[in-house]
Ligand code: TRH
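Let's start with one chain on its own, the form predicted alone, as structure tokens.
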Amino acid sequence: MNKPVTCDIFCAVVDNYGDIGVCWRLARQFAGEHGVAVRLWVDDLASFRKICPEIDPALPAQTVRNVEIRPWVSPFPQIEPADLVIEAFACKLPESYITAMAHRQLKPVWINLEHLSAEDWVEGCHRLPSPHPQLPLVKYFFFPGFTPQTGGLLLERDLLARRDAFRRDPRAATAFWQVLGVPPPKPDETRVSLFSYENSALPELLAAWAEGDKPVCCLVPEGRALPQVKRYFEEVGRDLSRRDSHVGSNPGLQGYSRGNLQVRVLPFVEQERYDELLWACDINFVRGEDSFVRAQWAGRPFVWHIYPQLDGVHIQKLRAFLARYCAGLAPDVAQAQRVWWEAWNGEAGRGTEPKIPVGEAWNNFLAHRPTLRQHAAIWAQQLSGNNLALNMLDFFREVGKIRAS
């Protein structure tokens, strides 16, 4: 039998869960679907454990779901480099490992897996080589993306089929809510998941939900947005303490309510359970990169909180995605989507346009929910033919054949 391809994936955990979320999905897909022998090197196993409870941060090596997990420590151990080396999101490989790569007779295929972007320039940079200045090594840039000229997106072989089976089976949703300790949705309720960074628009949105004419149930995983949610209800509670309005919270920080808004606090869940949360909700608020992609596979209307950058580059990335995503929508629907996303990201009303209140932008977006839901399902199907893991393995074999010839 042929020896399996070996792969080392290096992940520096920068934003708690986004980087490791992508790397863990890629490692599992390589190992589980393609028989690749994967070692995943992670510099923060405690954060990793949040999305994979089987991880023991104290172990020097462990195998979880066919992936060998190793702590990325200094000094780095002397090991034989893999056939395929993936440097996730421009993390810097250990110098001793790079030297060992150069000493291999058949040099590894070295890939820098870049951040996801919808910008046009990505197509021209995808798969470009970058020779090492001193050593006989070449690193290649691999860009995820939304067009056939990019590396595509991470998508497990059976994900969309599992999603559809989950939605066809009412018992699956009922069991899911029971496990989370959350009651099933009411007939007229809008159920949203809220996973975001700190956001100045959040208090205004919570107020709009509370004062709206339809019930909203907001599910908030533990994370960076939760202190803001807690602070909002504390401040509203003080303001309304002498009135008859109801503001409730329980001592265990499991939920809050005001008017037509209920907030349920969820523990941070493993990746498979988070996918089900996205499938089960009407609208999903996501952040960064990993949850952004998973929301698209969910085929539901979603709202992206892009990682903020001081120079404003993130807004260019946001608008580049909106231009692609809204291309098939009617002008009024596309406008509602754009205005709401920019309001959520702090951009609505900048420049010559009048400022749009967050609540108004949300209501305009929500008015188009049936159309946006249909559009989201079509978008997911269109993207599903461009698979990042398959493309990366095809590229590995292509470069390997060239080197062997």
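Just so it is clear, the model here is predicted, and its values are computed rather than measured. So that there is no doubt, residue numbering starts at 1 and follows the sequence shown.
One more form of this protein should be noted, the form predicted in complex with the ligand, which is absent from this view; the next part is about it.
- Just one of P221, P108, G151, G299 comes within 4.5 Å of the ligand in the predicted bound form, counting any heavy atom, and that one is P221.
- Exactly one listed residue, out of Y256, Y97, Y325, Y274, brings a non-hydrogen atom to within 4.5 Å of the ligand in the predicted bound form: Y274.
- With a 4.5 Å cutoff on heavy atoms, R167 does not count as touching the ligand in the predicted bound form; it lies far away.
- In the predicted bound form, the ligand lies within 4.5 Å of some heavy atom of V14.
- D83 falls outside the set of residues with a heavy atom inside 4.5 Å of the ligand in the predicted bound form.
- Although the partner is absent here, H126 lies well away from the ligand in the predicted bound form, with no heavy atom inside 4.5 Å.
- Checking 328-336, 262-270, 204-212, 137-145 against the ligand in the predicted bound form, the stretch whose residues place heavy atoms within 4.5 Å of it is 262-270.
- Contact residues in stretch 21-43 (any heavy atom within 4.5 Å of the ligand, taken in the predicted bound form) are G21, R25.
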